[in-house]
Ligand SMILES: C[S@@+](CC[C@H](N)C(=O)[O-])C[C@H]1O[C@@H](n2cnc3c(N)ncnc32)[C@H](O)[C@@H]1O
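Next comes just one chain, in structure tokens: the form predicted alone.
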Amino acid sequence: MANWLEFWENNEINWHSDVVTQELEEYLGLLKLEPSDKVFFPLCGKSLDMIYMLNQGFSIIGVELSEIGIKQFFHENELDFTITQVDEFDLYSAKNIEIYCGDFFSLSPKHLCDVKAVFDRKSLIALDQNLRQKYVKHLNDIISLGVRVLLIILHYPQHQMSGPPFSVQKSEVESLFSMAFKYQELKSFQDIENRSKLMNAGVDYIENAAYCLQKVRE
């Protein structure tokens, strides 16, 4: 995570998408949400997926290490916000959205009170292999039983590019989540959005997979 702030400072944010994630629109119903339910976006950046979910009538909780990304999110979407101190975080708040500025690993269950679902589009694949197990364990620790997760992973020959984004194989998803989550693979698909970016880096192929998970054990 050490380079994350540098990426934002240098505007090297190739992972950011200017469109809503198709799989979020396609599989939103699997999250079993009710109007005004809270959805958690880990490592949220300035994702437009948060705006999409706000427009669907849900409330958003995010966490992002870079204040640059958070401020860009609010300014670019013309959202007035306030900043308050909550524990070690600066909390950026607007109507139905709160984004904690700080370290994901410093979140506790009280920060995610009443969260009903998680959308992980860019988080797991933003972390190298040494951090992914820690990430999943902490996510399990801070969400409640029954919370559903919509997860999108990216797979390519890791030896051909250093990342981020990092390659995560399907077998690793099973290894990381099977102890506390039940899960269903929804589909595998070619990653059109990142195809040119990664192909330019010299990888032979890019494949994504979407999963729906639910926490069933502590």
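Please read these numbers as outputs of a predicted model, since none were measured by experiment. Numbering starts at 1 and runs along the sequence shown.
Beyond the structure shown, there is the form predicted together with the ligand, which is absent from this document and is the topic of what follows.
Tell me the stretch among 42-50, 154-162, 27-35, 179-187 that has any heavy atom within 4.5 angstroms of the ligand in the model of the complex.
In the other structure, the partner sits against 42-50.
I'd like to know if residue 81 sits close to the ligand in the model of the complex, meaning any non-hydrogen atom pair within 4.5 angstroms.
Flag for residue 81 set to no.
4.5 Å heavy atom contact, residue 123 and the ligand in the model of the complex
The answer is yes: residue 123 has a heavy atom within 4.5 Å of the ligand.
Close approach of residue 74 to the ligand in the model of the complex, 4.5 Å, heavy atom
The answer is no: residue 74 has no heavy atom within 4.5 Å of the ligand.
Does residue 65 reach the ligand in the model of the complex, with heavy atoms at most 4.5 Å apart?
Yes, residue 65 is a contact residue.
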